[in-house]
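The chain below stands alone and is given as structure tokens, in the form predicted alone.
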Amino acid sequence: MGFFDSILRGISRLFKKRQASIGIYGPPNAGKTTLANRISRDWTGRSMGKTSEVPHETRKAKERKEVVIKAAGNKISFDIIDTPGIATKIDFHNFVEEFKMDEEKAKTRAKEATEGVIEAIKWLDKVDGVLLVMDSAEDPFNQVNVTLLGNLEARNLPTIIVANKMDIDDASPATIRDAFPQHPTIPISALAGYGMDNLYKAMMKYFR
């Protein structure tokens, strides 16, 4: 390749730079959609999805394109993807017994939730980085967290662990940080907005 060809190729890369896609992942009810809503509202004024105490409220991935985040004197535009909660087992009986859902609706929710897990895994082929949301009041050593991290590491996807629910009294982000020291851990409350400035700074650093 000649000198001028090299210059043209470099210029082409600059003008064809792709928008970075960031997937929000984690187990059900860790606060993924609450975080997606917080990020989207902070920078676009719009929410992304509905939240609920019933697991698997988000059963289809939702994408918000060109979310321009500003932090530390810089700004970057991201595509944010809120993915369905990852679970190793989804049983419609749980919706019936724990949340008093009628059987037909419970079976439909379980089926859609299972399809959502498959869709979320497929999205890993498209994203450039991951915000892995964990409930900081729960034991981080569960099958979903460990399996997800192994998958992300195998794909060499930049990952920030988001230790969510800092507004809960027994929250312990240090437990998450100690469990997975190979990844940056940012304590936040997506619901209350605590720690979001630190998360935005980390996104600027690790997802550039």
Partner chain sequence: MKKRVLKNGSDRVGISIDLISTERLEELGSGKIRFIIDQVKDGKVLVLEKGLTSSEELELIRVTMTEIDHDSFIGVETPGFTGNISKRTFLQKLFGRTAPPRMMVVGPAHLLKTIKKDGRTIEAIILTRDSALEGDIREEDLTPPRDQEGEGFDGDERFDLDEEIDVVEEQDEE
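Positions refer to the first chain, counted from 1. Model, not experiment: these values are computed from the prediction.
Omitted from view is the form predicted together with the partner chain, to which the following refers.
Would you say all of 93, 118 and 121 touch the partner chain in the predicted bound form, counting a heavy atom within 4.5 Å as a touch?
Yes, each of 93, 118 and 121 comes within 4.5 Å of the partner chain in the predicted bound form.
Counting only non-hydrogen atoms, choose the one of 144-152, 45-53, 29-37, 60-68 that falls within 4.5 Å of the partner chain in the predicted bound form.
Looking at the other structure, the answer is 144-152.
Consider residue 100 of the chain shown here, and say whether it contacts the partner chain in the predicted bound form, taking contact as heavy atoms within 4.5 Å.
Looking in the predicted bound form, residue contacts with the partner chain do not include residue 100, since no heavy atom lies within 4.5 Å.
Going by a heavy atom distance of 4.5 Å, is residue 126 a contact of the partner chain in the predicted bound form?
Looking in the predicted bound form, residue contacts with the partner chain do not include residue 126, since no heavy atom lies within 4.5 Å.
Within a 4.5 Å heavy atom cut-off, is residue 139 in contact with the partner chain in the predicted bound form?
Yes.
Report whether the minimum heavy atom distance between residue 76 and the partner chain in the predicted bound form is within 4.5 Å.
Residue-level check for residue 76: no, no contact with the partner chain.
Residues of stretch 164-189 in contact with the partner chain in the predicted bound form (4.5 Å, non-hydrogen atom):
Heavy-atom contacts within 4.5 Å come from 179, 180, 181, 182.
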